[in-house]
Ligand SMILES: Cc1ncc(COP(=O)(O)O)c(C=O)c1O
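One chain is shown next in structure tokens, namely the form predicted alone.
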């Protein structure tokens, strides 16, 4: 796919975006040289409108796990458009039923029901509503630095920086340090409805927990009679080499949330998955919760095709093997460039590159861009550059990525780059 110059006026697009969507966002991007405008996209690549071809190592947090415009998913959507639309959320649906059956069957444990949503934040809101309704308790515990979305209840689980500008503080929510079982136990009592955690918190810097920690959280939730909600919106759907990241740790949640990659970036769809005993919340009024666009039938068809890919023979094994290939090279880079690259956080193909200071993590994203890779730093730990390659990447493409990484590390290890990093930290 050779670079192509778009006939669209790139500068005009940026100015229109600034005028009618977000001038502060445009100014931020221009300050750091990240003012990209997505043009042609296919597989692991996308192009800026100026013709630059970039490897997508951000994947929009897992939206593009299957790369851009996976042919099987595009074909499924095109065929669905011949006869379907979003459907009617008031009615029984063949396609929602089929996807609900397939999706819950992929989840270990006794989760066998779900409610569809149109976004991860909406699905998190539903998980919290269900936990409060089912337990008849008000409090929700979440992790400091974690992220579950910008909608109402989801936002309440996050850091104050995302709530305070809007004057939105909902009672009953408390944050505790991630990986600290003592702090969790001190916060637990009979008023807690649920503990909600990302299995691997991405915005916190791809922090991979231990089995001891997550099993301890499960034990404490059982001890205090509250629910465990695991947010697998970024870590699920094969990203770690298993269908769901929690499978690595020997635990099962009461409620699990999925989204982002569920339809390969072609149609918005998410789901709140839960144990069947919680269905009693809908017995008195089955319309107590509705979502007009949640589980749109077009999206369900694409999601079914995506599950066909994920569950095909050898797919997850290939993800694991690619993760091992990346880990071997990245470990070597950490030794070679140890003054700047101080650690690798990784499970499967969910990877965080840990730098010696926050400015280096931010700067490395910019240096990668100069070498044809799009990746971003973790907003709640700027020392970490998130590295989320599409799961479909081929071995020869991995080698290309690794060479670009090596060249980028050669640049960031130069003494003058530390001065640039220090300046970034003052901005």
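These figures come from a predicted structure and were not determined experimentally. Numbering follows the first chain given and starts at 1.
Omitted from view is the form predicted together with the ligand, to which the following refers.
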item: Interface membership of residue 233, the ligand in the model of the complex, 4.5 Å heavy atom rule; value: yes
item: is_contact(residue 144, the ligand) in the model of the complex, heavy atom dist at most 4.5 Å; value: no
item: Partner proximity in the model of the complex: residue 291 to the ligand, non-hydrogen atom cutoff 4.5 Å; value: no
item: Residue 239 within 4.5 Å of the ligand in the model of the complex, heavy atoms; value: no
item: Heavy atom within 4.5 Å of the ligand in the model of the complex - the one residue of 252, 93, 119, 135 that qualifies; value: 119
item: Candidate stretches 242-250, 147-155, 185-193, 73-81, one within 4.5 Å of the ligand in the model of the complex by heavy atom; value: 147-155
